[in-house]
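To begin, one chain is listed below as structure tokens, in the form predicted on its own.
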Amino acid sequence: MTSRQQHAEDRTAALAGHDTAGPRVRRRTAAGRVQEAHRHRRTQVGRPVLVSLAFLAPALAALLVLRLVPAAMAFASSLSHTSLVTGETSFVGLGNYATLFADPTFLQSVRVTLLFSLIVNPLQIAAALALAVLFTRRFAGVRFLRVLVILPIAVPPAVSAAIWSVAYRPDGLLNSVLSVLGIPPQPFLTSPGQAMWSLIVLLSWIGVGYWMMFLIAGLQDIPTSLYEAAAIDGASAWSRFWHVTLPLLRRPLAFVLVANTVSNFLVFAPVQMLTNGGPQGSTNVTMFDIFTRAYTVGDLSLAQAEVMLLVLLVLAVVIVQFRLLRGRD
């Protein structure tokens, strides 16, 4: 039987109102329903994905243009060298990285940066946490004191550095206070042993209030019923802080620790304004060393290689912090 004869027979049976469709027709109908169901399912699944991509498109474009493309250009530039005499650019591979690891100035800047971060990060976070716990309690003048601690956030870092440069002068406010107490004037910015600590005090004055706000928000999210239950069980104030506050404050603390670490690795303006990397390289952090290579020496390729190494160093430190602070959930 030909296909035309089969079609005519099926049509006659359909007009007669009988369900006499052959197995071939039923198979075609079932296959069509399955295909239609698959098309409908793909449409239902694909539509939310397209809508999500449409909403994310501006952010993805900004990420590509402002982050990924400059990073790729910096990495490509770090593999080349431009002659200061002829202006010709040549591919040197990892030659710039080898030059940096053989440079004592770069190695000293890495040591200074790591030492600076190792001191300033725990100091700032401990101070911010102590102030957050204090200012979540109720006592007279708590709001006024909280505003005083937060106030330096509104001042740009360069302006804060200018204010503290006046205070750190040999005839400045701090030495005047010390002279009243009978202590001789201190070389805050000209002593290799005091310059870094002077920067740490300045950066803590700027940053502690900022990180304190995140920790206050985290503390206010902890249910008071947990503290009441712990108090009923006879837990002391220190036990409530250790077993209730710190575990429930893990996520805000992790954010503050990572963000503060990244911020302190990128410190530049106070160093340039107060110490200019000195004295004797005691405050020559990596960001200032990159600035010196790029805009004082004029070797942009070497500066780009140093930027890549700084990014890898920050990533390594942040990954270790995330692994140490990772909770069971």
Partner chain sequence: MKKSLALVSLLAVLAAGCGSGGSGGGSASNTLRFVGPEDPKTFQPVIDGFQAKNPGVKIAYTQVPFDQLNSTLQQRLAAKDDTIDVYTVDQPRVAALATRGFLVDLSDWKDRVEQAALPAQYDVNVHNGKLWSVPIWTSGQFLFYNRTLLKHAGVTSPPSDPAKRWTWEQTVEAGKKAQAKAGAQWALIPEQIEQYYQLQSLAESLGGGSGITGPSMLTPALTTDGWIKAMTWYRGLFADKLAPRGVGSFQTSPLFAEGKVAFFAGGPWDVGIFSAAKDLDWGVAPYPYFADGKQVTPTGSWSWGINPASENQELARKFLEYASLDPDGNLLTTKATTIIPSNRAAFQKYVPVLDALGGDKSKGVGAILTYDADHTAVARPTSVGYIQFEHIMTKTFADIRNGADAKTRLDQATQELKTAWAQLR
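Note that the coordinates shown come from a computational prediction; the quantities given were computed from them, not determined experimentally. Numbering follows the first chain given and starts at 1.
The form predicted together with the partner chain is left out here; the points below concern that form.
- Using a 4.5 Å heavy atom cutoff, none of L129, Q220 and A231 lies near the partner chain in the model of the complex.
- Checked against the partner chain in the model of the complex, the residues N175, T99, T245, S160 give one hit for a heavy atom within 4.5 Å, which is T99.
- Shown alone, this chain has one stretch from 231-239, 113-121, 73-81, 175-183 that lies within 4.5 Å of the partner chain in the model of the complex by heavy atoms: 73-81.
- V85 belongs to the set of residues with a heavy atom inside 4.5 Å of the partner chain in the model of the complex.
- With a 4.5 Å cutoff on heavy atoms, Q304 counts as touching the partner chain in the model of the complex.
- Of the heavy atoms in A269, none are within 4.5 Å of the partner chain in the model of the complex.
- Y210 belongs to the set of residues with a heavy atom inside 4.5 Å of the partner chain in the model of the complex.
- Along 163-197, a non-hydrogen atom within 4.5 Å of the partner chain in the model of the complex is carried by R169, P170, D171, T190, in order along the sequence.
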